[in-house]
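Below you'll find only one chain, the form predicted alone, shown as structure tokens.
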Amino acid sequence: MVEAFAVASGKGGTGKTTSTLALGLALAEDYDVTVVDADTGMANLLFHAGLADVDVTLHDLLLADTDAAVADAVYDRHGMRVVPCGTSLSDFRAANPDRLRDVVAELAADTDVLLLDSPATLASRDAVLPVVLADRTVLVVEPTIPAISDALKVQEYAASYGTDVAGVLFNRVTDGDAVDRVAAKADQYFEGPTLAAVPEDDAARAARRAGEPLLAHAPDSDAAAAYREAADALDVHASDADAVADRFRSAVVPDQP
């Protein structure tokens, strides 16, 4: 079985990467999990996962003349597999995003859950590809009307390529009563359920500074508990791995969002 989730938002700064790794660790208690930093232009998952000094990253796999194997860019961290992306601007410019289809297809053949940490905007061909490839999308949203508006655009675009919404994860919440009111309105517009409301937590910042995923650095924090709640609410659909891999390889790469 395998299901691919794009972890996406309509804007930067929502805590997408923190959320991707947190969901990965929580889901890894029950599933084989692979996390991919598919934000090839503004990658930072490698810093969150303590992989800043690795030799091979996703960028290397996306080069036309690469001799790197997919397995070379896969690293075992905290009970899950992680594929970081590099931060070199020259490597980003040289990378061919079309090759991401084959990379994801190969990874899908050997995992239960594939989490794609996606770019924050719909402004480019590269940014929307993870959403197009995924079976479903987890929308990471700050509990404000503008943020919800941006996330609805992501949902609309995902739907145009047949990608459903697995759920909405409210993040960096400072007022629990306010998020309840916002979530009630959001339920009218989003197709997926509200997975959890993750509180603003100093532990998340400390984890980033330490280069560790939140659930590894501060497993007893309030934010970690909320991410576990979200993972419990995220029902994973079993699909045939070979069929999913074939779909990834044949996916149409959009020219414009």
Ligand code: ADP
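For every residue, the number given is its place in the sequence shown, counted from 1. The shown structure was predicted, so the numbers you read here are calculated from the model rather than taken from an experiment.
Unshown form predicted together with this ligand; subsequent notes refer to it.
Open item on the list: So this ligand isn't shown here. In the model of the complex, which residue out of A204, A230, V36, L215 has a non-hydrogen atom within 4.5 Å of it?
Closed with: Selected residue: A204.
Open item on the list: Checking a candidate spot here: are T17, N44 and E200 all in contact with this ligand in the model of the complex (at least one heavy atom each within 4.5 Å)?
Closed with: All of them do, each having a heavy atom within 4.5 Å of the partner.
- [ ] Find out whether any non-hydrogen atom of R81 is located within 4.5 angstroms of this ligand in the model of the complex, and reply yes or no.
- [x] Although this ligand is absent here, R81 would stay clear of it in the model of the complex, with no heavy atoms inside 4.5 Å.
Open item on the list: Taking any heavy atom pair closer than or equal to 4.5 Å as contact, tell me whether R172 reaches this ligand in the model of the complex.
Closed with: Answer yes; at least one heavy atom of R172 falls within 4.5 Å of this ligand in the model of the complex.
Task: Per-stretch contact check against this ligand in the model of the complex, the hit in 205 to 213, 56 to 64, 188 to 196, 27 to 35 (non-hydrogen atom, 4.5 angstroms) - done: That would be stretch 205 to 213.
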